[in-house]
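Given next, in structure tokens, is a single chain: the form predicted alone.
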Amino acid sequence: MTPKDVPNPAAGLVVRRAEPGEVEAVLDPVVKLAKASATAACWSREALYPYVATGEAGGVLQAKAIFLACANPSAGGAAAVAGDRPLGMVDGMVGFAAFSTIMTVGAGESTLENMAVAGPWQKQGIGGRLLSAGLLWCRAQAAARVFLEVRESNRAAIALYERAGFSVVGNRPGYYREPLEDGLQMRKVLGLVARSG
């Protein structure tokens, strides 16, 4: 598939949080997408499981979430439940972003742990939409800051993060393997939002 064969993502792309009941449907497509990416961390099913299998934080001090970008979610017989948000449709997954947060009153911290967009779907704003969804979740978890690491050579990702308000705060020599490369640590300061519930 070439970029010209990819439909306009605005016409049918949905970015949403993976639900705990979808754990088995989500694990393999996310692992496959991460392995196909030149820049994403290649997680095992076991490492990915906590990002999908947990619901709301419910008083715990750490939470994890994964956001999915699914193309044409109404195709393939996906049922719409809970309003118009389709659940259970991951066959059209073209991207994901995994976040974690440690909640501390007034000083919680979140991390963008992993993110990938399938090659033919890149440069269409999907990474930005995944990042925005995750940042909203981080705010809802009372995170004051969000951190991430990115390969020093990944100029497209660095530009995306800078547009979203991240800035470089450190260098991690030899942080990445295969190939060995330095990582940049980036940070975004969030405005505080009171947690509901």
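Residues carry their position along the shown sequence, with the first being 1. A quick note: this is a predicted structure, and the numbers were derived from the prediction, not measured.
Below: the form predicted together with a small molecule, not depicted.
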| query | finding |
| --- | --- |
| Proximity of residue 50 to the small molecule in the model of the complex, heavy atoms at 4.5 Å | no |
| Touches the small molecule in the model of the complex: residue 149 (any heavy atom, 4.5 Å) | yes |
| Non-hydrogen atom contact residue 163 with the small molecule in the model of the complex at 4.5 angstroms | yes |
| Residue 108, heavy atom within 4.5 angstroms of the small molecule in the model of the complex | no |
| In the model of the complex, the residue from 133, 144, 157, 31 that sits within 4.5 Å of the small molecule by heavy atoms | 157 |
| Among 42-50, 167-175, 22-30, 124-132, the region lying within 4.5 Å of the small molecule in the model of the complex by heavy atom distance | 124-132 |
